[in-house]
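Read the single chain below, which is given as structure tokens and is the form predicted on its own.
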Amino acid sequence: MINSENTGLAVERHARIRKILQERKIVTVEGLCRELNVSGATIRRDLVDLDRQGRVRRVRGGAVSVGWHAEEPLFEDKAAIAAKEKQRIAEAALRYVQPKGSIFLDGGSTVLALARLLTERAGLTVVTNSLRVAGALSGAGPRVILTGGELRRLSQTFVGSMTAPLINQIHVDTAFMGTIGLSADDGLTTTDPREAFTKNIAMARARQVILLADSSKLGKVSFVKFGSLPKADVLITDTGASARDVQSFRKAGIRVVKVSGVRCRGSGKRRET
């Protein structure tokens, strides 16, 4: 028998979750737990119910509003979405880092997860426009070169035309790039034209471009384009990526690596499909 009191509480929580989503467009399970003072299991059940009703769209680690046009949340919220998947993606990206090579790291949350794995790569050179990446590597690890430029506080990155003087002087082996949106029709997109400018010129100075994007980014379109699909060589994503999206990216010439969230026993490696 259904407890009418519990049902009423659930309806009230659903209404509050929908209101929060209307304001923020994206929420995390952890954030909702704090705001509504309930357990993670309760929030996950609520999100399942709302997703079935077509009121929200669930993503790993939280939810986004229905029909969400890819916008940029606060960095902490962005990092919390699909956090385990982002860590696995970062671990898979390590194989593309040459011990004594040079790389560009942009300001994405998955790229930051990669940066945190590089603290023992003393022979590596890292060029970055991200304050968070520079901070992660400030104690030990690679030589770090900051681009300078205008600080964009939301992403904690240096962006815009003032980043060009340094970036245009360098050549790196690999650029590891994040993205807000990635679709077959619209390519790579982000929220800010200044960010798009810097991403675009950084990719042009790399021999190889690797996109680090969890599956919640795929098929999404944000405000401004910073590159077409053929500009990328490899996409590392998680197993939530749809077969349709993967096929469209492969048709564009991108190698797609899907990394599972399960470690193989013994070796510590990820299984890939």
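This structure is a prediction, so every number in the text was calculated from the model and none was measured. One rule holds for the numbers: they count along the sequence shown, beginning at 1. Definition used throughout: the rigid core is the maximal C-alpha set that superposes within 1.5 Å between two forms.
Note that the form predicted together with a further copy of the same chain isn't included here; everything after this is about it.
Partner contact region in the predicted complex: 141 to 149, out of 98 to 106, 197 to 205, 184 to 192, 141 to 149, criterion any non-hydrogen atom within 4.5 Å of a further copy of the same chain. Using a 4.5 Å cut-off to a further copy of the same chain in the predicted complex, each of R55, L131 and Q156 places a heavy atom inside that distance. L137 is the sole member of L137, L112, A92, V172 with a non-hydrogen atom within 4.5 Å of a further copy of the same chain in the predicted complex. In the predicted complex, none of the heavy atoms of L117 sits within 4.5 Å of a heavy atom of a further copy of the same chain. Under a 4.5 angstroms non-hydrogen atom cutoff, a further copy of the same chain in the predicted complex lacks K258 among its neighbouring residues. In the predicted complex, no heavy atom of G123 sits within 4.5 Å of a further copy of the same chain. Taking a further copy of the same chain as it sits in the predicted complex, the stretch 161 to 187 comes within 4.5 angstroms of it through a non-hydrogen atom at M162, T163, P165, L166, Q169, I170. When two forms of a protein are overlaid on their rigid core, residues whose CA moves 2 Å or more are considered shifted, and L21 is one of them between this form and the one not shown.
Between this form and the other one, the CA-CA gap for I20 and G107 narrows by 3 Å or more, being smaller in the predicted complex.
A shift of at least 3 angstroms brings the Cα atoms of S155 and E23 nearer to each other in the predicted complex than in the displayed structure.
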